[in-house]
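Given as structure tokens, the chain that follows is alone and in the form predicted alone.
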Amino acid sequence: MNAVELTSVTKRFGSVVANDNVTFAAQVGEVHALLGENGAGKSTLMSVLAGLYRPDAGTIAVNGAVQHFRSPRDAIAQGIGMVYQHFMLVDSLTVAENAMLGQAGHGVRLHTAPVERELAELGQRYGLAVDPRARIWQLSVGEQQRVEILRLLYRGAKVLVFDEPTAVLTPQEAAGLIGTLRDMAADGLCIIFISHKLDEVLAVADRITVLRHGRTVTTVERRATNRHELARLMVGRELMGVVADQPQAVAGDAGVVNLEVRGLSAEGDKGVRALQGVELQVRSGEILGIAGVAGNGQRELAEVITGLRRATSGEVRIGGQDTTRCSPREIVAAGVAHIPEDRNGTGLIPSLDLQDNLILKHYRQQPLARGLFLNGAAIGNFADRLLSKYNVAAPSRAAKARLLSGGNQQKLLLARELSGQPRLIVAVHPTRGVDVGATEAIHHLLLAQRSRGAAVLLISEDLDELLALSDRIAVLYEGKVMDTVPARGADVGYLGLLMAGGAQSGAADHGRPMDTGGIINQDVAH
């Protein structure tokens, strides 16, 4: 029997149809993945199920009975809860107090001890251990997600919807969550997993429903499909792959040194040394990949190069010019493009419209400016040209950036940063949180910049991405470059060992296969 069933559901926002006659059913004891590109209607459909939105047409049935949800409270009363990407927790309250929020019957004084005991038992049962007395602000992001799950379980949820749950997690935390979801399904819960990440879906799901442009494409059994077929169903066409016969540069073949880092050290946000004597070079026509587990100095390296963080010692040279103490504006003028890891917090201004975001680097220059005034006609033409060239799907250039899907926001950011033909591109997790179609487009944009002669510093936690795009890969561990190896033919086991801090430079003859003793495998390296 289906735990939940949505039949012919339609949801509109003005003239935009987010869900168009969608039918979806998930069963007790399964993990059912809802897969689709950014903007395909996945989150909207599940927000209808969770009572956040009311459908314009169609029905919702829970255990065979039709329901009419007016709020999330109605949905949770029927055993349906949703864990959103952005957690709905009160930072100043404890874990137990957050679990009790919104519940009637607690009286004037809260008695948290029984709730704390129940949360501890649930945490032990499902491998979601967290201190019930801890305040939310004291917890890591992964622990806060556990609180969201425990809160729903405490309230009796039998159907749990996870909206892109791994987007905020480290690879290790993501792997742990996938195991937890499988255990919860085996215990008789119904798990709905919203994602655009094919590998995660294939790792966790029993069945997979694909949405495209707000409509149901198909539902398939996991064992009856594969990554290639799911990608085709998502985007409605065959994908070319990450790189199709793209020649990689070999040492000595690339051009002049566009970026040189010498003995670079810098502190992190907490005053602890994050970079220690980093040495690297990136030449014209070359992609240098930076690999490493999150938190080993990658963000600080990008910020020092782009002028957002001060170096404590060492030197950064761009195009032969010492830019170590230059401002971000001066570094932009030196021909540097920056694709930061946080596209909304650092890269874009979500409340501004698309054209205003697109001119942020160029608004002082002609023809966009006439003296002290902006040239509206030139700005409009400039924005329209970039939106078309980079295939940014948007109603108009006057739309707010926050209304775009994640993939289109990233393409908007790339359109601005690449528009001036930069000599150096610092790309930090450029495909994080975007779907397979947008990932393909971004990969080809970076390869086109390399072919044009730009130097690309590519920082990513996706080892497959680095191996496919890079000419060389440098591994950062605790702020140090452990080794730099050619990407072609690089041994994944050796790279994983470097990422774990378990090898020194030259230990495997720069990337040739080595015996790792079975302790490192590709999953760990990822």
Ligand SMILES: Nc1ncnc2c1ncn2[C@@H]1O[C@H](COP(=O)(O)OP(=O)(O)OP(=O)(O)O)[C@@H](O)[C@H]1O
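These numbers come from a predicted model, not from an experiment. Don't overthink the numbering: it's just position in the shown sequence, from 1. Under this definition, the rigid core comprises the largest set of C-alpha atoms superposing within 1.5 Å between the forms.
Heads up, the form predicted together with the named molecule isn't pictured, but that's what we're talking about next.
When contacts are judged by a 4.5 Å heavy atom cut-off, G307 does not count as touching the named molecule in the model of the complex. Contact annotation: L403 falls within 4.5 Å of the named molecule in the model of the complex, judged by heavy atom distances. Contact between H32 and the named molecule in the model of the complex is not found at the 4.5 Å heavy atom cutoff. Contact check for R472: no non-hydrogen atom falls within 4.5 Å of the named molecule in the model of the complex.
Shown alone, this chain has one stretch from 480 to 488, 64 to 72, 458 to 466, 36 to 44 that lies within 4.5 Å of the named molecule in the model of the complex by heavy atoms: 36 to 44. Only one of E303, E164, E148, E417 comes within 4.5 Å of the named molecule in the model of the complex through a heavy atom, and that residue is E164. Here is the short version: of N375, T219, Q85, N381, the single residue with a heavy atom within 4.5 Å of the named molecule in the model of the complex is Q85. Counting a residue when any of its non-hydrogen atoms is within 4.5 Å of the named molecule in the model of the complex, the hits in 9 to 38 run F13, V16, A18, E37, N38.
With the core held fixed, the Cα of G41 is displaced between the shown form and the other one by 2 Å or more. Core-superposed comparison between the shown form and the other one: the C-alpha position of I287 differs by less than 2 Å. Relative to the superposed rigid core, Q85 undergoes a CA displacement of at least 2 Å between the shown form and the other one.
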